[in-house]
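Only one chain is shown below, in structure tokens, and it's the form predicted alone.
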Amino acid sequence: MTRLKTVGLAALAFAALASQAWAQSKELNVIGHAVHQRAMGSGEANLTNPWQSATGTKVNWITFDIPALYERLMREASLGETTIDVAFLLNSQANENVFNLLEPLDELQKANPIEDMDDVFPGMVEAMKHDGKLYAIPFRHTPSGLHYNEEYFKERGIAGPPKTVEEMFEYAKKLTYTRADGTKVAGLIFTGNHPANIVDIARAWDGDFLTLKYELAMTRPPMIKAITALKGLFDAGAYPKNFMTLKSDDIDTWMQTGRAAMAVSTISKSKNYNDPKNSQFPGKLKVVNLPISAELAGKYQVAPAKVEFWSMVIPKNSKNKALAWDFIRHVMAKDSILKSALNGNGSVRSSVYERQEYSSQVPWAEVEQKVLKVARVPVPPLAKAPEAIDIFLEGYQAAILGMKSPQAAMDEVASRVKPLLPK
């Protein structure tokens, strides 16, 4: 009996060890960009360590550049089954076809909710809904702001940044000049190869290209006012003649070298613009919120500029949906979002901006928080977004160059974009 009892206890002990080993062998596969992995931290400071220990799960990261990441997600999500459990998706890559390959998250949120979801900025959450269902959880953002050269403002006798968009256009004309050293300065610049910054300007009047309900907003007064004002700048020489070809890198270079006085660009680029290694004006390139129009001063504190962002999604064909959701819950907890923000991630939670340890390290924290409370995406999730964007840019260019009136140009854009929208 003693021998049998000993053998039995040994068997139970072996089974327990085997069970523990199996639990510790669980794995979660995450695909994203290297910036997402860096935001989680490394070594002992990795913010997912407590979750990995508590669940007995090893997190495996697979990182790609942006195009390859999207291609891998689409390929995996189209299979009968995938080993990918969590993936990162740009809002500009989301559309009705992509959503059909992803797991709706409402039931998971209802059963096992993310901490204080109301603390996550609403414009990003709403953009990731389709047919009333939530498909993605925002994680990292890049909202727009207005950068300006403080030295140039002083040279032209301007006391401070514009308080209204009307002032911004007035300042842009005054700031278009040739400096004593021969530098020709443009008053206002932004990217011309995408509607995002054009929409930013229209947002000063609460305008849009397309709404989240796919309404053709480009024909409405706010967008027409924005394009009319920008044509006025172009005619006055305060908006570059090569506006159609300006890309993000060009905007950076123009601000750092002093070729422009003001730029609509990502708020966090303030760090790059003031980098002594790359900038001729370190410490003098300031960033503020895009100002609202005088007529909407009572409705908004700042213009509801655009926000672009990364979200976490779960493929519909994933085998580990509950585990994947639990990982997302942990990453989205307030303490985790604070840690990722301290690692350089754009915080999707408003409460993080109230934390002294964060705001003391990020000079533009207040600017970001203000706009993120009202920011929304420049283009809604749309399968035929590339075609719609090209059509919009054609119409915009025709209006700025005086080939058509702003209203006529946008009316034509609307007629051509309408067939591209979901039915």
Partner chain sequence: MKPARASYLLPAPALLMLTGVIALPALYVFYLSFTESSFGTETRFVGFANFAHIVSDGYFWTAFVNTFIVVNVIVYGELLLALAIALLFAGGVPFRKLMFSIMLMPYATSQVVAVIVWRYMLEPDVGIITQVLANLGLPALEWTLNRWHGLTIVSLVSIWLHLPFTFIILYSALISVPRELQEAAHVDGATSWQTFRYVIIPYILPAILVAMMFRFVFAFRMFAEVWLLTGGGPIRMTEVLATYLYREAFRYHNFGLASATGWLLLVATLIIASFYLFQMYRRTLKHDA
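Numbering follows the first chain given and starts at 1. None of the values given here were measured: they were computed from a predicted structure.
Separately, the form predicted together with its partner chain exists; it is not shown, and the next lines address it.
- Across the options 325 to 333, 73 to 81, 290 to 298, 312 to 320, residues that bring heavy atoms within 4.5 Å of its partner chain in the predicted bound form belong to 73 to 81.
- Contact annotation: of the candidates K173, R259, K225, K286, the single residue with a non-hydrogen atom within 4.5 angstroms of its partner chain in the predicted bound form is R259.
- The contact with its partner chain in the predicted bound form, taken as any heavy atom within 4.5 Å, belongs to M244 out of A111, M117, M244, A236.
- Contact annotation for I158: none of its heavy atoms lies within 4.5 Å of its partner chain in the predicted bound form.
- Remark: T178 does not count among the residues lining its partner chain in the predicted bound form, judged by a heavy atom distance of 4.5 Å or less.
- At the 4.5 Å threshold, heavy atoms of K184 reach its partner chain in the predicted bound form.
- Contact annotation: N100 falls within 4.5 Å of its partner chain in the predicted bound form, judged by heavy atom distances.
- Candidate site formed by W254, K384 and E394: every one of these residues places a non-hydrogen atom within 4.5 angstroms of its partner chain in the predicted bound form.
- In the predicted bound form, its partner chain lies within 4.5 angstroms of at least one heavy atom of each of the following residues of 392 to 414: E394, Q397, A398, L401, M403, in sequence order.
- Relative to the shown form, the CA atoms of E71 and P386 are brought 3 Å or more closer together in the predicted bound form.
- Relative to what is shown, D390 and A68 are closer in the predicted bound form; their C-alpha atoms differ in spacing by at least 3 Å.
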